[in-house]
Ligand SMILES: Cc1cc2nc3c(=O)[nH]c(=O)nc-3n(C[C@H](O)[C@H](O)[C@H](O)COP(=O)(O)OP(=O)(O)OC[C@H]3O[C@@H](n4cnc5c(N)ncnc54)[C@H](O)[C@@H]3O)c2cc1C
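In structure tokens, the next block holds one chain alone, the form predicted on its own.
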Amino acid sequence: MDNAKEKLIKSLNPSNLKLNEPLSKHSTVRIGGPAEIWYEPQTTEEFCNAIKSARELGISITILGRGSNTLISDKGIAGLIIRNASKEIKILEGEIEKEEPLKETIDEIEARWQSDNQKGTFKYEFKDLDYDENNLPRIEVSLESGVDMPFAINYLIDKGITGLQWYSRIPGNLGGWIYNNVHGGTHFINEVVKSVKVLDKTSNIQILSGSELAFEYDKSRFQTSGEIILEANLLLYKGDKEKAKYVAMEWAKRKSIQPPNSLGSIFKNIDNQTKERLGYPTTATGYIVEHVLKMSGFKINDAAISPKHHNFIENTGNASAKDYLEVIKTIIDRAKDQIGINLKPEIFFLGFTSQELSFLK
């Protein structure tokens, strides 16, 4: 290990530090090589100081959330790998009776959500659970980016604060949710993001409004800006606590068919225009994999297309990242060859070479 990395290690809190930590322990799919320097700061101050130190020493930085939608290379990741464990939630005083709808300042995003509850393994639906809260008073809540969002959903609903029930059973922390503009059914997190506090590329703190975040389907400016999310203010609702609790529980129940030891949905669903052109009953990519490409049961070693939901790839034992990547590549190649569409992954890839990911171009 070089001098710069040794200096960085000495500057970090040893109780939150590990060397050569297996990243398979920090991924929902249980795949991934070692993190050269693994650090789990417990506060935003610790988080910022680690980033600043690594930047000053010229050491690469990787921010890893809960590992729910990221495939990590078998080689692991060099440099500093941080999982932010800050967890403060602050409910700001006073209801906001009137607030301009956030959607007016953000381009409308097509949800691409239309299930087929008649055929195949993709049978769960959420339309009957959806309802409009826009007529309710708003309440502002500040959350640090390391907050575990499944915990936050229940914590806030218990206090009568709603608006996150649509995202039940989606793992991750707030930073990852905003980074990827997480969606639950037809809802996107951008609907409630008022502002975000970031550490910019020059290690200065800035406040960005929701309208500046370039939200799209599974996208935000943070995927290319080099800014690091520290906390965010969400405009939620003083809503019906019991109704929100029921929806969250029912949402989670319906999603419980989703397979464990996976990364969630691998591919974005097709848009409605493509669905109509091809004459499919649904926009779901799982339908295409199962009924058009007929890839039920396909596997490479222990990386297998899930029989529960064909847009999921499971680690059924000791799958490697190489196996998992090859299953993804095979699905993409067959979709291109057989029906002429380019399926786009909605997961992220860490530690791979550009050559290993060349099939994604």
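Heads up: residue numbers just count along the shown sequence, starting at 1. What you see is a predicted model, and the numbers here were worked out from it, not measured in a lab.
Here the subject shifts to the form predicted together with the ligand, a form of this protein not shown in this document.
- When the ligand is considered in the predicted bound form, only one residue from P137, G160, P281, P260 comes within 4.5 Å through any heavy atom, namely P260.
- For the chain shown alone, G67 is a contact residue for the ligand in the predicted bound form, at least one non-hydrogen atom being within 4.5 angstroms.
- None of the heavy atoms of K268 is located within 4.5 Å of the ligand in the predicted bound form.
- The closest heavy atom approach of L236 to the ligand in the predicted bound form falls outside 4.5 Å.
- Within this chain, G76 is remote from the site of the ligand in the predicted bound form, having no heavy atom within 4.5 Å.
- None of 268 to 276, 228 to 236, 203 to 211, 285 to 293 except one has non-hydrogen atoms within 4.5 angstroms of the ligand in the predicted bound form; the exception is 228 to 236.
- Residues of 158 to 197 lying near the ligand in the predicted bound form, listed in sequence order, are R169, I170, P171, G172, N173, G175, G176, W177, Y179, N180, V182, H183, the criterion being any heavy atom within 4.5 Å.
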